[in-house]
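This document starts with one chain, in the form predicted on its own, laid out as structure tokens.
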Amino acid sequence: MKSRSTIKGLMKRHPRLSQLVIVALCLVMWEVAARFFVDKMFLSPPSRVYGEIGRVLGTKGLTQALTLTLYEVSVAFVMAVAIGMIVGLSVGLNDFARRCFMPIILLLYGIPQIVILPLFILGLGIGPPSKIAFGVTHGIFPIILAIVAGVQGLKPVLLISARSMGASRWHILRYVVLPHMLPSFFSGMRLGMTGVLLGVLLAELYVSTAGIGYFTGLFTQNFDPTRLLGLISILAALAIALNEFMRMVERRFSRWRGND
């Protein structure tokens, strides 16, 4: 009992240790399942997958595909943030606009995006523009909803006080609205980043001759689980890195909040 309580206390003091233990357990279960329970044609053990990451990266055209996907994700994310912020603030700060447009936004958000992919392909072709546009449709809605929620949580007394002291609309937006909505905004951006990455990869997977999504489909069709799982691991590392980057930016702009 004493040893159990000691381990529990250690993990509470060091949450990173708990995370490492969970990851290690998952890798062990994966290794055992791949070696003893699942056909090697469908699943490779992590020891083999991570041992052949170099071979995965050495696949002809994969480096260029990774660069293309990063470009598409970056452009789509910037567009989603810019459009989402404009729409979110316009809808969140105006009661009439919120009553008129929020039901439409929620309706569009509820539509499975994959069913409108053919429209993007027909209108923009199979090149990067269609992938970027499809990525924007996946990332923009979480950002809009997060901004609207953040603005709606603003206490009216703050706006009244700012106006009574002669603050202009710009000053109210800059010094009252934006600082208050920062937590919601960054949460929406993290969700939007994940959505953009998903949208771009889906578009590449279904209709593309380049990009990471194309190679994901290629490895699947060739029954090459080692390179497929290696590529998935690279994508997971990329997603984690992008999410951590967003957290760093959030901490940078939210230092005034202290430990709240």
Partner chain sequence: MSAPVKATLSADQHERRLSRLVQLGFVASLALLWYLATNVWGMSPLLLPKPQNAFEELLDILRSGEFWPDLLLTLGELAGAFAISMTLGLAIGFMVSLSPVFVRIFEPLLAGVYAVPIILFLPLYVLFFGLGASSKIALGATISFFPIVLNTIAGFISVDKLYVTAAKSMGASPTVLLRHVLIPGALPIILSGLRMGFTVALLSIIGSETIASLSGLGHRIVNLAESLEIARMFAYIVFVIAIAATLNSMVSRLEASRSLDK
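Because the structure is predicted, anything quoted here is derived from the model rather than measured. If you superpose the two forms and keep the largest set of C-alpha atoms that fall within 1.5 Å, you have the rigid core. Residue numbers count along the first chain shown, from 1.
Below: the form predicted in complex with its partner chain, not depicted.
(message) Given a 4.5 Å cut-off on heavy atoms, tell me which of 139 to 147, 70 to 78, 84 to 92, 107 to 115 is the interface stretch with its partner chain in the predicted bound form.
(response) Checking each option against the 4.5 Å cut-off leaves 107 to 115.
(request) Answer yes if any heavy atom of P225 is within 4.5 Å of a heavy atom of its partner chain in the predicted bound form; otherwise answer no. (result) The answer is yes: P225 has a heavy atom within 4.5 Å of its partner chain.
(message) Since only the chain is shown here, I'm wondering whether L229 would be in contact with its partner chain in the predicted bound form (any heavy atom pair within 4.5 Å).
(response) Flag for L229 set to yes.
(message) Against its partner chain in the predicted bound form, would A236 count as a contact residue? Criterion: heavy atoms within 4.5 Å.
(response) Close contact exists here: in the predicted bound form, A236 approaches its partner chain to within 4.5 Å, heavy atoms only.
(request) Consider Y206 of the chain shown here, and say whether it contacts its partner chain in the predicted bound form, taking contact as heavy atoms within 4.5 Å. (result) Yes, Y206 sits close enough to its partner chain in the predicted bound form that at least one of its heavy atoms falls within 4.5 Å.
(message) Residue by residue through 81 to 106, which ones have a non-hydrogen atom no more than 4.5 angstroms from its partner chain in the predicted bound form?
(response) The stretch touches the partner through F96, R99, C100, F101, P103, I104.
(message) Relative to the superposed rigid core, does L68 relocate between this form and the one not shown - that is, does its Cα move 2 Å or more?
(response) No, its C-alpha moves less than 2 Å.
(message) So that I can tell if L202 moves, could you say whether its C-alpha shifts by at least 2 Å between this form and the one not shown after the core superposition?
(response) Shift at L202: below 2 Å after core fit.
(request) Kindly check if the Cα atom of V38 is displaced 2 angstroms or more between this form and the one not shown relative to the superposed rigid core. (result) V38: C-alpha displaced by 2 Å or more between this form and the one not shown.
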